[in-house]
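Next comes just one chain, in structure tokens: the form predicted alone.
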């Protein structure tokens, strides 16, 4: 169970408290994915310790907001849990490079007071919860999966992202893979119309985590690091291979290993057929201009370090998964296009 994982040795509270030197010669700015925030906070802090003249100010505003700020050239780079699509690329004022930067899993967090035993959910049951066809925690479909658990007669409060979110894209991509009804009625996207009557929106991964933690009966998709740090319960999911899987760095890595080649146009690793793969896993991406207007050398150096072995070694301590070696190599090759 994810709640039994080691606690983040680099806690989000410590991350948030860090202040980087204001007198640095160059400050790079980025914005986007809240999914990435704990990893970026630690990695960019470490980079600054090694390179005091460079700071990176990253704003966790969601993938959609990050793409908007990047397109407006208000930031040096954007971050998104789903690469920019053809329409978004067409609106950008110059050629864009899209680079994978980390791997993570969206855990299914829940709040059931008095229930300490881990809850099991199949792919189909989770889809039905978000469709709004399963409304209570003691519904027979949930109860038969959890025969030893005294499930409460409590309404399920479905929590989702209210902002444009790459994590929502990963989650709805998963639901579209496992439910024909979800695919036809709702579909996949950074923003969708959530059909469950009890749906509640919250801004950012931080907001979803906070909403679930403060709302009895709530369920929501939350990046793994936030679940561990906030001591939240998370469901064990049945994957495509019929195995019961917790959201851990190892099971996310197994999902990624089932698809060794990824690109900005072929990136989905949800609902992996890997026996040990967690079904709601995904890459996150940084977007940069091939020819930045300013600070190109500094940006290249920071991002090259981030996707290389030195930057990626910071992932595990905040419950992310380092990029596979071959993906690190592909990311570095893409970044080198900035120097042409």
Partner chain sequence: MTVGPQFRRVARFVSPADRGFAAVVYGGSILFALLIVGLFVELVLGSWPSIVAFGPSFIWKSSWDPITSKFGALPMIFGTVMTSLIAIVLAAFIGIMAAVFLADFAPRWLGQPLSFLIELLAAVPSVVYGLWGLFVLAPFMRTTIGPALQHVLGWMPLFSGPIYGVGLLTGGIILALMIVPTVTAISRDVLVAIPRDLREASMALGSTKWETAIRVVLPAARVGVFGACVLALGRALGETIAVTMVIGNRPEISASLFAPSYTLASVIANEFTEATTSIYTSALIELGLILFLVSMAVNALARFMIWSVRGSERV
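Because the structure is predicted, anything quoted here is derived from the model rather than measured. Under this definition, the rigid core comprises the largest set of C-alpha atoms superposing within 1.5 Å between the forms. Numbering follows the first chain given and starts at 1.
This protein has a second form, the form predicted together with the partner chain, left out of what is shown; the following refers to that one.
For the residues 181, 139, 163, 238, the 4.5 Å heavy atom test against the partner chain in the model of the complex is passed only by 163. Among the residues 214, 74, 133, 266, the one placing a heavy atom within 4.5 Å of the partner chain in the model of the complex is 214. The stretch among 140-148, 229-237, 188-196, 266-274 whose residues place heavy atoms within 4.5 Å of the partner chain in the model of the complex is 188-196. Contact between residue 88 and the partner chain in the model of the complex is found at the 4.5 Å heavy atom cutoff. Of the heavy atoms in residue 202, some are within 4.5 Å of the partner chain in the model of the complex.
The partner chain is not shown here, but in the model of the complex it comes within 4.5 Å of a heavy atom of residue 210. Of the heavy atoms in residue 282, none are within 4.5 Å of the partner chain in the model of the complex. Residues of 49-77 that come within 4.5 Å of the partner chain in the model of the complex, judged by any heavy atom, are 61, 62, 63, 64, 65 in sequence order. Superposition on the rigid core between this form and the one not shown places the CA atom of residue 35 2 Å or more away from its counterpart. Once both forms are overlaid on the rigid core, the distance between the two CA positions of residue 280 between this form and the one not shown is under 2 angstroms. Fitting the two forms on the rigid core leaves the C-alpha of residue 191 displaced by under 2 angstroms between this form and the one not shown.
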